[in-house]
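As structure tokens, the next two blocks hold two forms of the same chain, structure 1 and structure 2.
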Structure 1
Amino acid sequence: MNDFNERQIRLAPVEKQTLHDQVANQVRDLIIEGHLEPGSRIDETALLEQLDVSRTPFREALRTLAAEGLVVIRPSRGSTVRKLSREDARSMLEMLAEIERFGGRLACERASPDEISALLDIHDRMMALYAARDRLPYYKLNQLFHTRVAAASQNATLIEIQGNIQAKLKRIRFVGNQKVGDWADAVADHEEMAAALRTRNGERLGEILALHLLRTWDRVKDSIG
């Protein structure tokens, strides 16, 4: 009688996590959150104990992170947290700017009304946080906003690449947003983005998104390398 329901449940299984994946996620977080210094050596034995796994899944995780570009593995010489050179950061921001420009354009063409209002909602919350000068939650929501714009482009490849680059730049961008005046400028940009979203002006949205990121480069370029 509830056979059918049982079956439904079986057919939609909870996606299982291997140890490898868990470790990869944990280490990725450690890197992105800045608990592992860029350029520093990754001490296998230490992390191994801390995470309480054996070497096999740990090393597989490292390979994954290396392919993602967060970790550098030099044969026989251990792995290090990838340190972005000035040139790396420049090329990533330049590329991200172009990707978000395109994403913004597509978003305005393809987003559902719901997606648009969800975006505007995030925007409003960001503005409230700015008014309260509540930096960290603002920063988190900002990341989310950019991610969601990309998501609204309906282009899975774009979404993935945007996420990848954003992850690698996460720390840098945070550093870049420290000065008060810069924050005000960023907020002004975001107001324009919201306006462009409301009118579905893709050209304009893309333009501001790109500019927004290129400005980030100008802000951080001297504190890197």
Structure 2
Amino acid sequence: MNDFNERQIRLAPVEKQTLHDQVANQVRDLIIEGHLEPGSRIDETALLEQLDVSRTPFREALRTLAAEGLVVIRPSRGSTVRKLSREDARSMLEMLAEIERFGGRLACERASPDEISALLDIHDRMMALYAARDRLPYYKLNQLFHTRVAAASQNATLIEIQGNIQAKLKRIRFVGNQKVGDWADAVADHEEMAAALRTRNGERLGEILALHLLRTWDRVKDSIG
């Protein structure tokens, strides 16, 4: 056995994004920011030219986004951006509120000190982006924060359901911070979440997570046609 194997050096995996992941990320951002509007047909020819990619990775990217609930693929009729009805959005936000209420309680009970520190680090980075009014990066960290809280619950079923619903609400959640006052209110909610995490107050964290999502409905309901 050579020296490398004998020492059993532990190396961190090299993170690489495939071409289709890169395409999916860019198209996802176009959907989140509203450049590709809900219900609109996706112009593959135009996007292929703008992204300078071949049809195969583009189609793979669309399948990824369809699995997330952002795109609807209709064989022989092309793909469209999924459009949520008011009832879709309201029911998803109501369900997500209760899922994250439970997840917050479990996270405070079960998360390791490192997981709590990582969540607070995400929060601090969000606050820096809010101070700079850099909305899309803030939003992405916001999504990551909610995902990591769910992960800290150590409940596989909760993690799966939370991830599925959150993916479908990406555009809706982004719209929720469109107005200056609404974004400030959402940031205030996150400050309370961070305070609850620091003291491992699961009841309070669950409560504010749920209220945060129900308030999101109040912020977006008039923008859903």
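Quick note, the numbers are simply positions in structure 1, starting from 1. Since we're looking at a predicted model, the values are computed, not measured. Between two forms, the rigid core is defined as the largest C-alpha subset superposing within 1.5 Å.
- The second of the two standalone chains is derived from the form predicted on its own.
- Relative to the superposed core, Arg133 undergoes a C-alpha shift smaller than 2 Å between structure 1 and structure 2.
- When two forms of a protein are overlaid on their rigid core, residues whose CA moves 2 Å or more are considered shifted, and Arg198 is not one of them between structure 1 and structure 2.
- Rigid-body rotation of the smaller part against the larger part between structure 1 and structure 2 amounts to 24 degrees, from C-alpha fits.
- Comparison between structure 1 and structure 2 places the CA of Gly39 3.7 angstrom away from its other position, after core fitting.
- Superposed on the rigid core, the forms differ at Gly69: its CA is offset by 5.5 Å between structure 1 and structure 2.
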